[in-house]
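One chain comes next, on its own, written out as structure tokens in the form predicted on its own.
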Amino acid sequence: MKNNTRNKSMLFVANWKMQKTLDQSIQFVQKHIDALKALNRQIILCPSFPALYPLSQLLENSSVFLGAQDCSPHELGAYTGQVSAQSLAEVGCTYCIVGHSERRNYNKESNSEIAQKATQLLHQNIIPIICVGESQQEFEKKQSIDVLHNQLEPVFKVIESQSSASTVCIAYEPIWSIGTGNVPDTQYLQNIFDTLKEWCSAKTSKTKYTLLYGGSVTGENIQQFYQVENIDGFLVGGSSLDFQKLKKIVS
């Protein structure tokens, strides 16, 4: 019963990356919307930008939330190819992922830039899902805690400067685990999430922090993550593309 109660309060973020086309995203929701609602869980679907508006129409007045995969660090301006937080709010996004390791790597995003994105989202009452995590080399050198601190410190400063209460998700995704099937052991994750909880608790009381885990999450290994205290939900990649796999994780 304890696990079931905890499960119901958890957050499940489906990051579809660039794996589904516009049509495929629409078809997924049309086919599974009733089943998604029936799961009675906090589920957030994060499709690519073109699918946001049609999915917002399909998910309207449902218990399934809509999230984006990124936003601009700027409010507006001549920034070709970028999408503002205000546009995401207008299209119906409640959440937005920022600082994913793939964007940090491929787009060379800095910690300060990610903090600026979080600022834009908070101004639009969108909950930022801020991704952090260490590389294989940093993990082997036992630098994980230092890396996470450096990634989060600019974000904490931004959040502390907000005049109103806010909600922020912090998603720990060890880079060496994403898509590899290599999952950190329970004791290692407990140390990471105890540390994250301690940091968040030491910050302003105005902000509610939700701590997520991501990195090769599947229906087969989800139970081991439930053994880790302070994990409030999951950021799911590949397994979220198939409804049956996602259902196994969520339920």
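For every residue, the number given is its place in the sequence shown, counted from 1. Just so it is clear, the structure is predicted and the values come from calculations on it, not from any experiment.
This next part talks about the form predicted together with a small molecule, which is not shown.
*Asks:* My question is simply whether residue 215 lines the interface with the small molecule in the predicted complex - judged by any non-hydrogen atom within 4.5 Å.
*Replies:* Yes - in the predicted complex, heavy atoms of residue 215 and the small molecule come within 4.5 Å of each other.
*Asks:* Is there a heavy atom of residue 113 no more than 4.5 Å from a heavy atom of the small molecule in the predicted complex?
*Replies:* Answer no; every heavy atom of residue 113 is more than 4.5 Å from the small molecule in the predicted complex.
*Asks:* Indicate whether residue 102 is a 4.5 Å heavy atom neighbour of the small molecule in the predicted complex.
*Replies:* Within the cut-off, so yes.
*Asks:* Do residue 77 and the small molecule come within 4.5 Å of each other in the predicted complex, heavy atoms counted?
*Replies:* Although the small molecule is absent here, residue 77 would stay clear of it in the predicted complex, with no heavy atoms inside 4.5 Å.
*Asks:* Among the candidate stretches 178-186, 32-40, 62-70, 220-228, which one is within 4.5 Å of the small molecule in the predicted complex when only heavy atoms are counted?
*Replies:* Partner-contacting stretch among the options: 178-186.
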